[in-house]
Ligand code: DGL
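In the form predicted on its own, a lone chain appears below as structure tokens.
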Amino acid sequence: MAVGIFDSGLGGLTILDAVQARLPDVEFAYLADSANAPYGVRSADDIYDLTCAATQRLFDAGCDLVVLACNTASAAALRRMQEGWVPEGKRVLGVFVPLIEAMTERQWGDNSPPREVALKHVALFATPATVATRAFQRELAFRAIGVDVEAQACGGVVDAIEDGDFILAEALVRSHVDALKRKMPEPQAAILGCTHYPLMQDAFRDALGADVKVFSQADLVAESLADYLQRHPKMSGTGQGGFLTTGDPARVSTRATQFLRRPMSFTAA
């Protein structure tokens, strides 16, 4: 049995690492659409089509539940998929909601009206496509009122990480944080709204300063998934775990091994 984890590239490995640690008895099938990465500069229709194709590949592999470990896909495609595409008996979940629930101090499934929360000034760092959807602000508005969100599109960061150029990635992070602070000088919290960004978490923290609380998604998504599978144990699927990519398996395997600092072997999707 296996749960599907999908990302446009390798950023979702931060989610995979956390869910494997939290759920050691669950198999995971990870699919990286490396041939089409990054998604953050694509149109909403392109992201939707690519995400559906990748999710279907995981369904075909025996996964009944697929987690979109990609904020861009979650923002631009998830709602549309859930409303008219997901086949009966299958489920697709995103990564935004666990993060927002933690930020607003709500438990899973709390559907009470939006209320005031402690955080009033929040910085969102995400890909250009994620920022354009305003999906984070929309989901936040369902749960909280009076929160000022300033979004910063972080162009180039995902490309640098995928290329293994962490010196460039760090320089870009500092540039984007500087740009955000010109718009919101004193954020109380920062959302790393891309699954690649935890790989640069120290750079974000250093640039933002010690007084800014940084929310990253991996552990929050892992806890949310554990809760979901406890309530829906049959959604564990029937397929086998493994690592798939639409890109060059040898190159992706090398990069993935560098990211997680453990041997990883991808095969062609």
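The model shown is predicted, which means the values in this text are computed figures rather than measured ones. Sequential numbering from 1, following the sequence displayed.
We do not show the form predicted in complex with the named molecule, though everything after this point is about it.
Contact with the named molecule in the predicted complex, judged as any non-hydrogen atom within 4.5 angstroms, is confined among 55 to 63, 32 to 40, 201 to 209, 231 to 239 to 32 to 40. A single residue from the set Ala151, Met103, Val158, Leu172 has any heavy atom within 4.5 angstroms of the named molecule in the predicted complex; that residue is Val158. In the predicted complex, the named molecule lies farther than 4.5 Å from every heavy atom of Ala77. A residue is said to contact a partner when one of its heavy atoms sits within 4.5 Å of a partner heavy atom; Ala123 fails this definition for the named molecule in the predicted complex, lying far away.
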